[in-house]
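Given as structure tokens, the chain that follows is alone and in the form predicted alone.
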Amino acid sequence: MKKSKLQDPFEQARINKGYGEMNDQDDPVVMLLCHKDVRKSAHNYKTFISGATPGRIVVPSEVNIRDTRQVPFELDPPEHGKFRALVEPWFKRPLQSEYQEQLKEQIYTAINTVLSTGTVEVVNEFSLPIQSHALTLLLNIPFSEAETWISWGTHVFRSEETALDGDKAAILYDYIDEQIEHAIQHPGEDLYSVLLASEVDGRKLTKEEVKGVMVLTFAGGRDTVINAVTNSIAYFAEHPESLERLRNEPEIIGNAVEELMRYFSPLTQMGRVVTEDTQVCEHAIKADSRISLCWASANRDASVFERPNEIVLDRKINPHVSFGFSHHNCLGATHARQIMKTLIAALAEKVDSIEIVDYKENVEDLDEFQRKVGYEKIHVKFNSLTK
């Protein structure tokens, strides 16, 4: 079996009953596995809410390590819409040509570096720096600030010792508090300053609301982007013909990005809290219990996707849910897509082949399911394209 392949551990449960079950810190979760059920429930914000106790809709739950509500992620309409409308124009900035040129310079520099250094550990030496450096563009702050974030590792709430590390989370919260205070004293054109100067319902945002947006921005797009970049590198290592095709058909790079995101599903699932006794997949769910929208399972649903377990680079119809669905679709999706498009274009232009030297998989334990989500480490050698 190819090293880059991601199996679908949900297939039989999805076909046989449509759901799975897992215990998460004694707060059980019913996992919705079918594409139609995931999308329908994501749209039904009255029965399946996001505005529960901060941290509870995340799987694994973060209620024990944070009490800051991530904004607008952990809000429901109409409050969600007000904050979404406020921040969405900022998060669409990756569509601007100047932003794209700066991102291109960052990513091409990263690839030129690994082409000259021999073997590289992709997760920490390539994907993490790309994600962190790109985040300086999204926040509109100095490039050098990325070195602090790189030092945190691949996840802001998890460490090698524990899946939920309160001490590590405190580092992020303290850092954001300091940056907010700095922006109050020295306002500029960065995201902190823009948020502090913004209004909702005729009032300025509180420091806690600003913090909520910033925690979401740091946490939401970190390991997901790292997984997407790393898995794509592994895929191209084992499918040089795909890299060659994208070199010859750059017009399908956009389709390829969507397909890689569908297949790899960098975020397995996201939860909701049930407001009333209800049923999903003929399974009774009690009020104040949790469901999860299993994006990774929905993205392999054969009733929606032809050849779901294959990467079809030019897939035309691709209603994947890797960036969520409905009003809570990922705020950072434009930024993530631009990173992936730029990366693939750069790889096609500069890299002839990639060799996997060694690797260790990152496998999530979801009780009845074990899902490979990416790699803890993977060493590769990039070989330059000679023209």
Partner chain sequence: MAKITFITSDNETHIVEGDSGSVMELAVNNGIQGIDGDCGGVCSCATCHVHVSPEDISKTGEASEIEKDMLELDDNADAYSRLGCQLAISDALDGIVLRVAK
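Computed from a predicted structure; not experimentally measured. Residue numbers count along the first chain shown, from 1.
Below: the form predicted in complex with its partner chain, not depicted.
Enquirer: From the candidate stretches 37-45, 65-73, 353-361, 52-60, select the single one in contact with its partner chain in the predicted complex, where contact means a heavy atom within 4.5 Å.
Expert: Comparing against its partner chain in the predicted complex, the contact stretch is 37-45.
Enquirer: Between 304, 115, 141, 273, only one gets a heavy atom within 4.5 angstroms of its partner chain in the predicted complex; which residue is that?
Expert: Going through each option in turn, the one that passes is 304.
Enquirer: Find the only residue in 125, 190, 258, 209 having a heavy atom within 4.5 Å of its partner chain in the predicted complex.
Expert: Selected option: 258.
Enquirer: Do residue 316 and its partner chain share at least one heavy atom pair within 4.5 Å in the predicted complex?
Expert: Result yes; residue 316 sits at the interface with its partner chain in the predicted complex.
Enquirer: Is there any non-hydrogen atom of residue 204 lying within 4.5 Å of its partner chain in the predicted complex?
Expert: No, residue 204 stays farther than 4.5 Å from its partner chain in the predicted complex.
Enquirer: Please check if residue 92 has a heavy atom lying within 4.5 Å of any heavy atom of its partner chain in the predicted complex.
Expert: Residue-level check for residue 92: yes, a contact with its partner chain.
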